[in-house]
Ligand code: PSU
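Just one chain follows, in the form predicted on its own, and it is written as structure tokens.
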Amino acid sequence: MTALPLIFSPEVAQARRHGSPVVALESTIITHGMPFPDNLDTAWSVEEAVRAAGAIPATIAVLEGKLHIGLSEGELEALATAHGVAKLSRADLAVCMAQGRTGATTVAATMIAARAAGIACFATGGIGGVHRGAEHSFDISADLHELAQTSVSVVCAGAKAILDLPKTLEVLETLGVPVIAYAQDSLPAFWSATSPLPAPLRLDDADGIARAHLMRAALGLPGGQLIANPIPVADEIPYDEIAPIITRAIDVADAQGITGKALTPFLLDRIHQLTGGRSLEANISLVRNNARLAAKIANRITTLSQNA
């Protein structure tokens, strides 16, 4: 049987030895989510946000077939400037590793890696979900099914606002995934702190979220939790302002026939142009904010587990 080629960074390896809290971070935000050098600056600042909140960051990526749990500064720099890096989800993670290639992990692939590494909490920007027009295209992100089967708590700013948010919420409910809004009753919508959608669940502190994570494990329930953390209001683009901009970007993508894995990067770039760069600034803010909350949750999960 082939052994899983996991490579822990020295910082993460030390955290594992000492029983310190660790937060997983994805790598597609570096390779496919932002232009250079914003991607590298954001990666560094998000890792620092995790450390400042009392946990150890573990940015995850596949480098030459090895699944790296934590990246060095040099590895982050190389990934931020690389071209042709594969975008890995559940379907293609194993093939990429078996071929000895390099790839960046999406939400689904990062969750798989985090579970394999024994990491309970993961911070990202926004999850994938049901794309608009999915009733014709059947374009639904693997992130949703991953949340239903992989026991990792995922902190995000909601699903990406380019998606069909009501349908995404409906699929998550069908799959039995708890969607927990942090400290508010409205579901966040990525660049926007609130949306017209009410949140199914609400918890107001990291301790409550950590206890819910551990209770799911005690009940033997499969799957993780989705914690929807609103972007700081000072950095948001209000829902009523961003909604028509998203519609314009989607119309351009439809006209150009852009679909599949190319769609999200295209839409994010077009929205960046249409907002004069405000969407990128908001994206950076919300990722840092999610990293801070994830670190607090990871701390509480670790403390509660050690005291059990």
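None of the values given here were measured: they were computed from a predicted structure. One-based numbering along the sequence shown.
Keep in mind the form predicted in complex with the named molecule is missing from the figure; the text below concerns it.
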Here the chain appears without its partner; judged in the predicted bound form, the stretch of 90-98, 212-220, 225-233, 106-114 with heavy atoms within 4.5 Å of the named molecule is 106-114
Would you kindly say which of 280, 29, 246, 49 lies with a heavy atom within 4.5 Å of the named molecule in the predicted bound form?
29
Does the named molecule come within 4.5 Å of any heavy atom of residue 141 in the predicted bound form?
yes
Would you please decide whether residue 268 lies within 4.5 angstroms of the named molecule in the predicted bound form, comparing each non-hydrogen atom pair?
yes
Using heavy atoms and a 4.5 Å limit, would one call residue 264 a contact residue for the named molecule in the predicted bound form?
yes
Check residue 128 for me: does it contact the named molecule in the predicted bound form (non-hydrogen atoms, 4.5 angstroms)?
yes
Those residues of 177-213 which, in the predicted bound form, come within 4.5 Å of the named molecule by heavy atom:
190
